[in-house]
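Form predicted on its own, single chain, as structure tokens, below.
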Amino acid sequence: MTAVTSAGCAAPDQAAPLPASVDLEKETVITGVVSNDSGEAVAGAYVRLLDSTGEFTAEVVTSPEGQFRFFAAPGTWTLRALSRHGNGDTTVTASQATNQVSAAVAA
């Protein structure tokens, strides 16, 4: 299987559908969209996944539609979005399944 990657980045395409092999009864997916103060999607934002102690775990770049996705363990996570429009943190308590999150950035 060939992974689709974002331009200039080794991360999988954040807008691509979940692979058919993902079992949402066994896996935890955190997904969402980064938006600015006007509610517009922010492309090219860096989204960091921080564990419950604030330690860096992973980072992805949002798609042209502002989408991001992480595969994580169930638990409490912080999403930190960094962009030219500003920054923002969002806390999510994720369970096994797809966990939809909105992340906002402000100047």
Partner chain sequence: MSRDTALVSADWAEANLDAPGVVFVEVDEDTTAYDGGHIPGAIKLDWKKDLQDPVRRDFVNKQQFEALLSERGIAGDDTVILYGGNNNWFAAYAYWYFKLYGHGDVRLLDGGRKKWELDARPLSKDAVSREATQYTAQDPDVSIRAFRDEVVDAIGTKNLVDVRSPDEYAGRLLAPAHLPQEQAQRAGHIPTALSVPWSKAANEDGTFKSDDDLRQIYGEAGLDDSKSTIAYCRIGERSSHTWFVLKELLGHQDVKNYDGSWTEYGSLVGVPVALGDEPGKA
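Positions refer to the first chain, counted from 1. It should be emphasised that the depicted structure is a prediction, and the values quoted were computed from it without experimental measurement.
One more form of this protein exists, namely the form predicted together with its partner chain; it is left out here, but the text below deals with it.
In the predicted complex, its partner chain sits beyond 4.5 Å of every heavy atom of residue 65. Interface membership of residue 79, defined by any non-hydrogen atom within 4.5 Å of its partner chain in the predicted complex, is ruled out. At least one heavy atom of residue 55 is located within 4.5 Å of its partner chain in the predicted complex. Its partner chain in the predicted complex is approached by residue 72, whose closest heavy atom lies within 4.5 angstroms of it. Contacts between 27-62 and its partner chain, taken as any heavy atom within 4.5 Å in the predicted complex, involve 27, 44, 46, 48, 49, 51, 55, 56, 57, 58, 59, 60.
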